[in-house]
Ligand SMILES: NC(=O)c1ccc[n+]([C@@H]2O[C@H](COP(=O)([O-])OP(=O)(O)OC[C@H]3O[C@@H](n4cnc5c(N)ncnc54)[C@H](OP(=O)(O)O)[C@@H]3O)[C@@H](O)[C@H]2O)c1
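A single chain, nothing else alongside it, follows as structure tokens in the form predicted alone.
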């Protein structure tokens, strides 16, 4: 089942690669990425700041490049999305920089780390509140005009910021919005998801199972409708949740994180799971 981000047709679920650089005890990151590819996933999500420490910026991007290079199969159709705009410097000082100069530098660094001539998708990772938001959007447009990136995305964006991006870029030029969305977190993201549907923009939920705090393991305990569907269908609560999110619109492409091959293999099966309408409605009524 394919979905679209701008010019790209991608799998309806992507791999959120962040845990491969942040989770302790990951023995073989390449095995997880290869398992995702084996399962039919063709969208991999990363960012420059996904790294064990401040002086290893680009760590996750390099992991992905290595995994794609060593994969025993065709990777020409695999789309890699990365992000820039969050700063990370000596002493683990974090900040934000959405200026053209900074974003161009990060795009160039990502291009080198990934070993590509152009970045498939480049997101503004978070708004830089020290400048007008539209200035960052114009910067992204400039990077596309310069040929550094193929498609523009924004992340952690409000409804107002999504609308600003659409107004600045023009119809059809904003490829994706990547925001947190899950049964645990949807109080703002629901309206953002709906705006993206209206405007023909892909909506890419990060932390779709509840993030790194153990939310995925507690889905059945917290949401009886998800537990019911899991039991009746004989599939994991995680698969039920991802299938439910995809049912909210053909523009929705969840990117569950994974640090083990088994996790992403299970999640990928949600791409072909068929959840009966009554079970989906029960989840909607309980969660939303």
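Positions refer to the first chain, counted from 1. Since we're looking at a predicted model, the values are computed, not measured.
There is also a form predicted in complex with the named molecule; it is not shown, and the following applies to it.
Practice task
Would you check whether the named molecule, in the predicted complex, lies within 4.5 angstroms of a non-hydrogen atom from each of 209, 260 and 263?
Solution key: Contact check passed for all of 209, 260 and 263.
Handout entry: Partner proximity in the predicted complex: residue 217 to the named molecule, non-hydrogen atom cutoff 4.5 Å
Key = So residue 217 counts as contacting the named molecule.
Problem - Exercise: residue 244 in contact with the named molecule in the predicted complex, heavy atom 4.5 Å - result: Output for residue 244 is no: heavy atoms all beyond 4.5 Å of the named molecule.
Practice task
Look up in the predicted complex whether residue 255 has a non-hydrogen atom within 4.5 angstroms of the named molecule, and give yes or no.
Solution key: Looking in the predicted complex, residue contacts with the named molecule include residue 255, since a heavy atom lies within 4.5 Å.
Practice task
Indicate whether residue 21 is a 4.5 Å heavy atom neighbour of the named molecule in the predicted complex.
Solution key: Output for residue 21 is no: heavy atoms all beyond 4.5 Å of the named molecule.
Exercise for the section: Can you check 187-195, 151-159, 101-109, 133-141 and let me know which stretch has heavy atoms within 4.5 Å of the named molecule in the predicted complex? Expected result: So the stretch in question is 151-159.
Practice task
Any residue of 32-51 with a heavy atom within 4.5 Å of the named molecule in the predicted complex counts; write them all down in order.
Solution key: Sequence-ordered list: 45, 50.
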